[in-house]
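The chain that follows stands alone, in the form predicted alone, written as C-alpha cells.
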Amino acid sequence: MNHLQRRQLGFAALMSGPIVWWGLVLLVPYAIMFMISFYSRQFPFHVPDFQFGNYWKIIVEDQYYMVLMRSLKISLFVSLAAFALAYPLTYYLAFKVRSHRVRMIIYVATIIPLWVSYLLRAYTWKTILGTEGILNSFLMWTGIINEPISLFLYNQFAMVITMAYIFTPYMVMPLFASLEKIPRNLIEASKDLGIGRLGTFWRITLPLSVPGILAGFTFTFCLSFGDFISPQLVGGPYSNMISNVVATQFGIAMNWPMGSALSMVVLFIVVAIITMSDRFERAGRLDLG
C-alpha cells in the first residue's frame, strides 16, 4: 500500500463516522417521513400507499394555504425586526468600540441568552406583555391607561416581538463576523477621498456586510418559520403557524400522512430559502470581485 492509498484510507476512516451519523440521524428519518406522506389514512391506521391526496389537500384547502402564508409573513417580520435590532448594535461594536475587551463583553452579553432555556425566554415575554405584566404596569403608573389592556398579548404582534428577541442573537453573530472582516483601510480611503460617513456606509460598509445580512436573515427566517412554542404561548387561537398544524396532525389528529406531507412542504420551503440565500451571496461576491 503506497502513501496515497494510506491517505485515502485514513480520510475514508475519518469521514465514515460523520457520514454514518448524518445518514442515521438526518437522512433516514426524512426518507421515512417522505414515504409516510404518500400513505392513506384509515383511522386509526395509516395504510401504505402511493397517492398524492395529502399534498393535494395542502394545495386546495384554504386553511393550509392561510397558515403557510401567515407563517411566511410572521417569519419575514421577525427577520426584519431582528435585523433592525442587530445591525446598529453590530455596527457600533465593529467600528465604534475601540477596546477589544469591551467589545467582547458586549458581544457575549448579546448572545448569552442562547444559553438560557428557549421556553424560559418565551415565558419572560408572556410575563412582560400580560395584563399584569411590566408593560401594563408601566403604562398604568405613567397614567397613559387606567386599567390593564390585553392588546399586547395573544396576537401576531406579540409573536413577532417574542421571536425577534429570541432569534436576534442568530442575526448578531453573522453580522458581527461580516462587519469585523471589513478592511479598515477601505473606510479610511473613502474618508480621504472626501466621501462622508453616509456615503461610505452605502458604498462600502453595507455592500461588504451583505453576506452577514443574508446569513442572519436565513437563520432567523428559517428558525422562526419552524417555531411552534411562541405561537402557543403568546400567539392566541388565530395565530397558529405551520409547525403548530404539523404538531396537531401528529398528535391530536393522529393523521401522520398529512403531518408528514406538511413537514415535507416546510422542508422544501426552508431548502429553497437556503438555496436562494446562497445564490445571492455568491452573486454578491462576484459583483464585489
Partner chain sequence: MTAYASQTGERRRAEPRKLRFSRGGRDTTGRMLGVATGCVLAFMYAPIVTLMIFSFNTNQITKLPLTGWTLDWYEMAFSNSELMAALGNSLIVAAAAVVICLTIGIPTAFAMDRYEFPGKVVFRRLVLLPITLPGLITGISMLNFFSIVGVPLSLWTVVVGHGTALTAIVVTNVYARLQRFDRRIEEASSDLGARPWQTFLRVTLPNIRNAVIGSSLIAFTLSFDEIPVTFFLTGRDNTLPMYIWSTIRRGMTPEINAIGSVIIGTSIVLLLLSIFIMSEPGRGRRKAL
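Given the structure is predicted, the values throughout are model-derived calculations rather than measurements. Numbering follows the first chain given and starts at 1. By rigid core we mean the largest C-alpha set that fits within 1.5 Å across both forms.
The next section is about a form of this same protein that is not shown, the form predicted in complex with its partner chain.
- Remark: of stretches 183 to 191, 143 to 151, 206 to 214, 69 to 77, the one touching its partner chain in the predicted bound form is 183 to 191 (heavy atom within 4.5 Å).
- Proximity to its partner chain in the predicted bound form, taken as a non-hydrogen atom within 4.5 angstroms, holds for one residue of 253, 60, 26, 47, which is 26.
- Taking the partner from elsewhere, residue 263 is found to have a heavy atom lying within 4.5 Å of its partner chain in the predicted bound form.
- In the predicted bound form, no heavy atom of residue 155 sits within 4.5 Å of its partner chain.
- By the criterion of a heavy atom within 4.5 Å, residue 56 is excluded from the residues contacting its partner chain in the predicted bound form.
- Shown alone here, residue 199 lies farther than 4.5 Å from its partner chain in the predicted bound form, counting heavy atoms only.
- Residues of 221 to 254 that come within 4.5 Å of its partner chain in the predicted bound form, judged by any heavy atom, are 222, 226, 228, 229, 232, 233, 243, 246, 247, 250 in sequence order.
- Core-superposed comparison between the shown form and the other one: CA of residue 143 displaced by 2 Å or more.
- Once the rigid core is overlaid between the shown form and the other one, residue 134 counts among the residues whose Cα shifts by 2 Å or more.
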